[in-house]
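Single chain ahead, written as structure tokens, the form predicted alone.
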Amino acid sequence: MLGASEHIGTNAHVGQFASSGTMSSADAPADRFERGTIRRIEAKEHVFCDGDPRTHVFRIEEGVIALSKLLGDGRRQIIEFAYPGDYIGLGTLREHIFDAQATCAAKVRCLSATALEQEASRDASLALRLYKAVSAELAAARSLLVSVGQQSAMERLAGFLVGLSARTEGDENVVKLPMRRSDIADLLGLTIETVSRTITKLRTMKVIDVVRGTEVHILDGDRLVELAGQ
């Protein structure tokens, strides 16, 4: 997110940031990222932490990064997952306001935050795309707030799977889960036990099947959407 948030991405709860445009290839932010430094992140390693100086913007190349906030009582609230192609670390604040931690082995490409901000100040099309991304992100954050505050466990989990399916390349009925069930629980405001029971119920209803614990096969997409309340 920008400003109060940290992530520009393309998943179900997050607004989209398209790096393509009408700029010349020499000046395009995408090309700047190609010249950025690659950093490999191990599972559970942090890209940055809440309170760290915001010096770089990161594009996810491989893996999944969880954006989260540690609450005063020690509980963790995951704000969103960032997937390949997503950007994290964008903002106007001097410090990061979330933790960014890899859920699995990952790779990110780093770009100076100052360089990107300078580019945006010179390029109106880039600034407009960032503005649109902020608007979409705020809408997605409100949607997540409604989901956690008002929806049932079934609606939350079904909506999460529908969102992953929508952004899956290739067969949208085969969804990878490169995160632990505890991570999903922390995103949806549920317990691990509730997530497991809900997955089992979806399997019993023959809406989904789970293969090797990390791959969800959607057997009845229409029913899944219905259960998500969408």
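Each residue number is its position in the shown sequence, starting from 1. Nothing here was measured: the structure is a model prediction, and the numbers come from that model.
Here the subject shifts to the form predicted in complex with the DNA, a form of this protein not shown in this document.
Checking 176, 203, 46, 69 for any heavy atom within 4.5 Å of the DNA in the predicted bound form turns up a single hit: 203.
Among the residues 37, 182, 168, 55, the one placing a heavy atom within 4.5 Å of the DNA in the predicted bound form is 182. Proximity to the DNA in the predicted bound form, taken as heavy atoms within 4.5 Å, picks out 151-159 from the listed stretches 105-113, 151-159, 118-126, 86-94. When contacts are judged by a 4.5 Å heavy atom cut-off, residue 50 does not count as touching the DNA in the predicted bound form. Although the partner is absent here, residue 172 is not a contact residue: none of its heavy atoms lies within 4.5 angstroms of the DNA in the predicted bound form. Although the partner is absent here, residue 42 is not a contact residue: none of its heavy atoms lies within 4.5 angstroms of the DNA in the predicted bound form. Heavy atoms of residue 189 reach within 4.5 Å of the DNA in the predicted bound form, making it an interface residue.
Residues of 191-217 lying near the DNA in the predicted bound form, listed in sequence order, are 191, 192, 193, 194, 196, 197, 200, 203, 212, the criterion being any heavy atom within 4.5 Å.
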